[in-house]
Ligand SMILES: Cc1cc2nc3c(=O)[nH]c(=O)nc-3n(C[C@H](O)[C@H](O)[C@H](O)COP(=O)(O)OP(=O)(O)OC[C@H]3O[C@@H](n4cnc5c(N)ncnc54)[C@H](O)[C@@H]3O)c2cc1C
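Just the one chain here, laid out as C-alpha cells, in the form predicted on its own.
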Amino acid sequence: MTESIAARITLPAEAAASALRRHLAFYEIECEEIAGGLRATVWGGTLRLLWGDGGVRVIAEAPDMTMLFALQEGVAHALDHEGGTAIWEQVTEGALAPNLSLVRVESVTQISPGYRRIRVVGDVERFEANGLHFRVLIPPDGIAPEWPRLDANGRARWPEGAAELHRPAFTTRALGDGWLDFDVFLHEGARTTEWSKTAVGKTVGLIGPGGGWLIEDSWVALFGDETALPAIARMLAGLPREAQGCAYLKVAECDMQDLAHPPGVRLARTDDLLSALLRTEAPTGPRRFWFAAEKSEATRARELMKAKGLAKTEMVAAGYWSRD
C-alpha cells in the first residue's frame, strides 16, 4: 500500500526547484528531470515537483504515513530557506504529528555501571525497520505535557516556553510485541540521566524513526565511543552472516557488552578511535566505514576516510556530541 499527499507551493518554479535540490543534496540524494518538473527517490518514497499552468505543486508518496510525514517535513524545511510554504491537502489541524507515538516507561534496568536500559510499551512496531534512531520527547516536570500537533498547513508545531520538550536521540536495542528497549549512557547531571532515575510509569513521546539506516555491506569498519555503542550494536546484529570487517569501541571495560555479530567481523576495545581508523586498511570492492563520536573527532575521521580514497557513499562520520 502506498500513501500519497499533494501540496501547492508558494514559490516560483525556479526557486522551488533550487530549494529542493539543495535540501536533497545535503543527504546525497539526486533529483532527476522529468516532463514538467523534478523527481527524487527519498527514504523508500518519492517526491515529484511539478509546474505548469496550475502553478507549482509537490506530490509525496511513501509506504506508510510515518514516512510520508517525514517527506512532508523535509519539503517544509527545504522551502524555509527561500521563504516558501507547502500548503498540503487533507490536513487534520490539531492532530498529533503522524510520526509520534505516546508510550509508557515500563522499566529501567542498570545493565552496567555506565548504561541504563529503558523499556517502553505502546505503539512501537514501526521502529523495527527504517531509520536507526528516534527521539524521546520528555515533558518538563510539574506541568501537563503538550505534544507536537499539526497546524493548518500540515506542519508539526512544537510546544514552547515552559512546556518545551527535551528531545534526546536514541537507538532501538530490542523490540517485541508492544515494547521497545533503548539504552541511556549515563552522564552525571545530564537531563536524560536524571530523568531515567524516576522514569518508570511516566508517559513520553517517541518520534521517528530516522537518522541513518542499517548496514548491509559485505565488508564494514565501525568506530564509536560510548554514545555510539547502541547504534553499533544494532548495526552488528543486522549485518549479513557472511560479512567481514572490524568494529572498534571506545568504551570502559566494565561497560563492554556481549554484542551479537557475524564471526568474520572482529570486535576490539580502543582508547583512540582515530588511530584505529588510521590503521584500518580499506579493501577494494564493496565496503563501508562508519564513525560516530565527539563532533571534532568525527570531522577529523571524515578527512582520514577521504584520504583513504573512500567515496561519499562508502562512509559516514557523525558527531554524536560536542565538547562545546
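The numbering used is simple: start at 1 and walk along the sequence shown. Treat the numbers as computed from the prediction; the structure is a model and nothing was measured.
This protein has a second form, the form predicted together with this ligand, left out of what is shown; the following refers to that one.
Q: Look up in the predicted complex whether G238 has a non-hydrogen atom within 4.5 angstroms of this ligand, and give yes or no.
A: Although this ligand is absent here, G238 would stay clear of it in the predicted complex, with no heavy atoms inside 4.5 Å.
Q. So in the predicted complex, does T227 come within 4.5 Å of this ligand, heavy atom to heavy atom?
A. So T227 counts as contacting this ligand.
(Q) Within 4.5 Å, heavy atoms only: does H77 come near this ligand in the predicted complex? (A) The answer is no: H77 has no heavy atom within 4.5 Å of this ligand.
(Q) Taking this ligand as it sits in the predicted complex, is H187 near enough to touch it, meaning that at least one heavy atom pair lies within 4.5 angstroms? (A) H187: contacts this ligand in the predicted complex.
Q) Hey, of 101-109, 87-95, 227-235, 156-164, which bit sits against this ligand in the predicted complex at 4.5 Å between non-hydrogen atoms? A) Result for this chain: 227-235.
Q: Find the only residue in P140, P148, P168, G122 having a heavy atom within 4.5 Å of this ligand in the predicted complex.
A: Filtering the options by heavy-atom distance leaves P168.
Q) Within 4.5 Å of this ligand in the predicted complex, do we find a heavy atom from each of D183, T192 and R323? A) Per the other structure, all of D183, T192 and R323 touch this ligand.
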